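Take a look at this one chain, the form predicted on its own, written out in C-alpha cells.
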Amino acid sequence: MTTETLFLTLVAETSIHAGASESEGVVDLPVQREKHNDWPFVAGSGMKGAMRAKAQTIEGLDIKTLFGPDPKDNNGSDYAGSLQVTDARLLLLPVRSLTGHYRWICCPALLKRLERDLHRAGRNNVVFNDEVGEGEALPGKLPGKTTLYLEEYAFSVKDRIAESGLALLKSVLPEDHHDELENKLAVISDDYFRHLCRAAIPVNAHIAIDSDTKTVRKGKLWYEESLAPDTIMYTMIVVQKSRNGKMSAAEGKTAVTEQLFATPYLQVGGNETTGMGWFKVNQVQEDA
C-alpha cells in the first residue's frame, strides 16, 4: 500500500491548554475552537509538533524521514516528512452533573462526523441515526430517573442511546472505558452541546506574586481556559512512502506504533512545566 492510516483516541490525563491566538471576552487565553460550531479542538500543526518533540527523545527513530528535515538546519524545504497529522477533534466532553459523578456529553452532529472520519480512515460501518429533541438527553444506560442534570440545565430522559450509537463510540474507545461510557454518556442536542462547549469549559485565574510586597505584580493576573481531565478527543495520522526513499508506508506506520508510541503518552499544548497537557494515546485497530 502507498499509504497507511492510524486512528488514535486521546484521553486527557491532565488539563489541556492548546491556546488560541486571540483573547475572547474576559478570558485572556482561550482554548482553540472550531469557528463554525465552537467545539474545542487542537490544530494538526500542534499535534504534529508535539509528536516531533516526543520523537526527539527516542533513540534510533528516523525523525527526518517521518517529520521532514528541521527548518533550523536551513534545509527544511528539501522534502516533506511522510506523516500527515490531522486536527485532534472533540469526542466526549466531561461536564458536572447532579445525576452522577460527571457526564460525558456529545451530540448527533459530532457522532455523524466521527462516523465519516472512521469511514475516511477505512474503519467500521457503524452508523448513528438517533434523534435528540431540545431539552432531551439519551444516556448510555437508563438511570431510573426521568430527569438528567448537566451543569444548571435539566434534560428529560425518555430512552437510551441506540446500541448502534453506543457501538460507534465503543469502537474508538479503549476497552477499559466501555463500562464507564455506558454509565456516564449523555447525548444531547447540537444546540445545547454547542452552548456547553462554551459554558462548561474550566476557566482558571493565574497570578504572579511580587516576592517583596507579596501582592500581584502589575499586569500579572490573567484568566486561562483549559480542557478538563477525562476530555476525550481523536486524531488521525496518514503515513505515506517517504520522499527520501528510506521508508515504505508500512515501515513508517511500524515506526509510529512501535517506537513513537511505545509509551502511550503525549504532551500537547502549553504549561508543560506545571504538569498540563498529557494525553494517553490509544490506537484504534482496523476492522478484522
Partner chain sequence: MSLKVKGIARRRSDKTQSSNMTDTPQTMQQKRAAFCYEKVTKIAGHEKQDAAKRFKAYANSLPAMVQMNGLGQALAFAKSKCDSEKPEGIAWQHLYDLISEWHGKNEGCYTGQDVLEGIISSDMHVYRQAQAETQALMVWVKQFARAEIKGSIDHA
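Numbering follows the first chain given and starts at 1. The structure displayed is predicted, hence computed values, not measured ones.
Below, we refer to the form predicted in complex with its partner chain, which is not included among the displayed structures.
- Between its partner chain and the residues H178, K158, R96, R116, the one pair within 4.5 Å by heavy atoms in the predicted complex involves R96.
- Just one of R123, K112, H195, R89 comes within 4.5 Å of its partner chain in the predicted complex, counting any heavy atom, and that one is H195.
- Contact check for G25, E134 and E225: all three have a heavy atom within 4.5 Å of its partner chain in the predicted complex.
- Contact check for E152: a heavy atom falls within 4.5 Å of its partner chain in the predicted complex.
- Of the heavy atoms in A199, some are within 4.5 Å of its partner chain in the predicted complex.
- Although the partner is absent from this view, D210 stays clear of its partner chain in the predicted complex, with no non-hydrogen atom inside 4.5 angstroms.
- Interface membership of K72, defined by any non-hydrogen atom within 4.5 Å of its partner chain in the predicted complex, is ruled out.
- Residue heavy atoms within 4.5 Å of its partner chain in the predicted complex occur in exactly one stretch of 77-85, 134-142, 165-173, 179-187, and that stretch is 134-142.
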